[in-house]
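First structure 1, then structure 2: two forms of the same chain, each alone, as structure tokens.
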Structure 1
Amino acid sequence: MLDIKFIRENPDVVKQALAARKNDADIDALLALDTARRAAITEVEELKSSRNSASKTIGGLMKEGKKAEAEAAKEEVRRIGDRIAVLDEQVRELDEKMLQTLLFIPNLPRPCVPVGKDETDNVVVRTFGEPKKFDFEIKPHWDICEALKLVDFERGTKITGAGFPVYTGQGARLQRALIQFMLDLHTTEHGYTEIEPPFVCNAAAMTGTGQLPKFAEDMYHINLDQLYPVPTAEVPLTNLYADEIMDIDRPVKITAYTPCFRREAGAAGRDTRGLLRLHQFDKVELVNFVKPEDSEKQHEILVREAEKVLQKLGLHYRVIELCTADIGFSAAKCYDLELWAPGVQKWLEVSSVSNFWDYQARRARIRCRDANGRPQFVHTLNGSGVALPRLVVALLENNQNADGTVTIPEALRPALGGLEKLG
């Protein structure tokens, strides 16, 4: 959520930033609500002030036994009370309208974010490794999965539906090993505290991080209990500190594995084959809470931490900086990590590393204290560290051998009991 004070004082900056990300929010209408709200508050508070002092006077009169005078005063105060009730209701309605407007306005991209018209204007920041050369005919991952019986695509549709993969045998074990490998890396080398959160969250949490109310259609919803299966661990992890004043002399860094559930509304028919786009997938997520002055520096550290996973696995990847038109709703700045998958001949997004500035913190009321001890909103950051299915795709397609086996990267073998090859 944006700061209404900032919008009031910098309407043109806000309009320009929103235009850069192709958002058409009506800022002038919002500011009109703001003006009306403040006028109503000023009026009602003056009335409340006079009611309060009059009530004190009545208390005194009652004690002195001046019944008649007290009754006259009561009548006067009752009229003030009626007027207050009307104005209070007005303020409540204006508050609600403003909130509903603000909840649908996205974050402002930082000035440093490249301006663009769509994803083709994203910028490649750096590239790691080289595309691998093969001296045999390589297979796409779905053929490898079938040959080595890593995923049972057929039976999965029977129990749930398309997009809910059933990993089997070494495929299932590979999932578990990757989760362990990533959690161990981040906790032992990057200073993260491991969390195992609930896999469902309530509407307040979903609103805190920005999934609700705008993206309700992208989420599964357990109607009977008003709970949402998490679309990312970002939701439970970030909201862990909702309504708190945090002590963050140094960044608070937490990580968790969760399955992620996404309806992928609007993406029907895209990437239907294999593991490229799923309704349920596994992910290890990294979440940071930092003081405002530290967030830009910490964002660079965070993206390096996510990259470390790919480097250790020896995969060819690139870091993309998203342009203003492609950046996520809640993000102020965002890097994506993309793996090269030679079988499908595509760059695959396996991580999104975002700086949310104070946008989520304001929605979820996560604060810390500034140098003077005054409360201020923290900055939140998060990054996938990383999402599994596309990582598996890249591992299988890059490490496949002519004999149909797949070589396990050195770094991953301990988590697989020393296994060197799949198949």
Structure 2
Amino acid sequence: MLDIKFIRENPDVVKQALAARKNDADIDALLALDTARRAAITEVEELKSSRNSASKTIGGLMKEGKKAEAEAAKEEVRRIGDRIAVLDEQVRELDEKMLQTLLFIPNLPRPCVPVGKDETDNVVVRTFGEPKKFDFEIKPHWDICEALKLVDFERGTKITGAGFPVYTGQGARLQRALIQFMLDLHTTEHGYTEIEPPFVCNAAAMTGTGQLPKFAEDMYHINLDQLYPVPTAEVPLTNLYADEIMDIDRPVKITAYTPCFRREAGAAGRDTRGLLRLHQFDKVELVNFVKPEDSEKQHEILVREAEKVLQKLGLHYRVIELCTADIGFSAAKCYDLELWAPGVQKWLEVSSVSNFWDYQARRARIRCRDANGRPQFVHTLNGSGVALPRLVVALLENNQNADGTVTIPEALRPALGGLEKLG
């Protein structure tokens, strides 16, 4: 959430930044609410001062026998009290209106973020590896999954619906091995603490990280208990420290595996075949909490940590810096990691690595202390480390062999008990 004081003092900067994001938030309307709220608070403070003065005179008037004047003073105190009650209600209503407005305003992109009109203006930062060459006709991953009985799409549709695949045999084992491989990498080489969080969160947690209220239609909702199956482990991990003052002399780094649940109401009909777009999928998430002065440096470190997964698996990928029109709602700056999938001839996003600045921390009230001991909002960062479905797509399509088997990358074999090929 943006700081209303910053908006008040820099309205043109905010408007320009939101225009770069192609966002039409009405900042003037928000500032009008803010002006009305501050005027009401000022009047309340003045009235309370007048009431205190009037109250002090009542006792003296009674002692002096000036009963009529004392009664008039009492009436004035009551009148002031009634006006204060009206103004307090106005302030409460204005607070709620401002909060609901602020919750729908996205984060401001950092000045270094490339300005663009849409995803075509994203910038390729670097590329790792080369596209693999094949001397046989390659298959898309859904044909490989069917031939090797790795995924049963039909039974998943039968028991739940489209977008809920059933992994079977070596497919299920591959999922488990990838999760173990990534968690072991991040905890042993990158200094993360592993967390096993709940797989459902309440509305406050969803609001703290920016999923609510903006993306309510994209999430599943357990109405009876007012809980939400997590769309990403970012939600429970970030909210572990909600309403706390953290000790972060160095970055706090936590990671978790969770299944992720997304309705993605706005994405109907896109990439529906195979594993390209699912409503339930597995993901390992990386979340960092840092002091403001460390967040830009830590963002670059976090990108490299997510990249390490892809490097160890020997996959061809690229790092994209998202332009102003394409970064996520809560992000101030974002890099995407995209894998090349030769079977479907597409670049597939497997990780978005975002710096949220103090946007999430302000919503979730997560703070630390500055050099003088004063509380300040922390900066939060996160990235997928990485998401599995499209990683599996790239693994299968890049490592397929002419005989129909799929070679397992060496780094992954220990997690699969030494298995060298799926077949």
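Structure 1's sequence is the ruler for residue numbers, which start at 1. Rigid core: the largest C-alpha set superposing within 1.5 Å between the two forms. Computed from a predicted model, the values in this text were never measured in an experiment.
> Of these two forms of the chain, identify the one that is the form predicted on its own.
Number 2 is right.
> Quick check on residue 49: with the core superposed, does its CA move 2 angstroms or more between structure 1 and structure 2?
Superposed on the core, residue 49 moves its C-alpha 2 Å or more between structure 1 and structure 2.
> If I superpose the two forms on their rigid core, does the C-alpha of residue 246 end up displaced by 2 Å or more between structure 1 and structure 2?
For residue 246, whose C-alpha is compared between structure 1 and structure 2 after core superposition, the shift is less than 2 Å.
> Name the rotation angle of the smaller rigid part against the larger part between structure 1 and structure 2, given in degrees.
The smaller domain rotates by 24 degrees relative to the larger one between structure 1 and structure 2.
> Could you check how much the CA of residue 75 shifts between structure 1 and structure 2 after a rigid core fit, in angstrom?
On core superposition, this C-alpha lies 5.0 Å from its counterpart.
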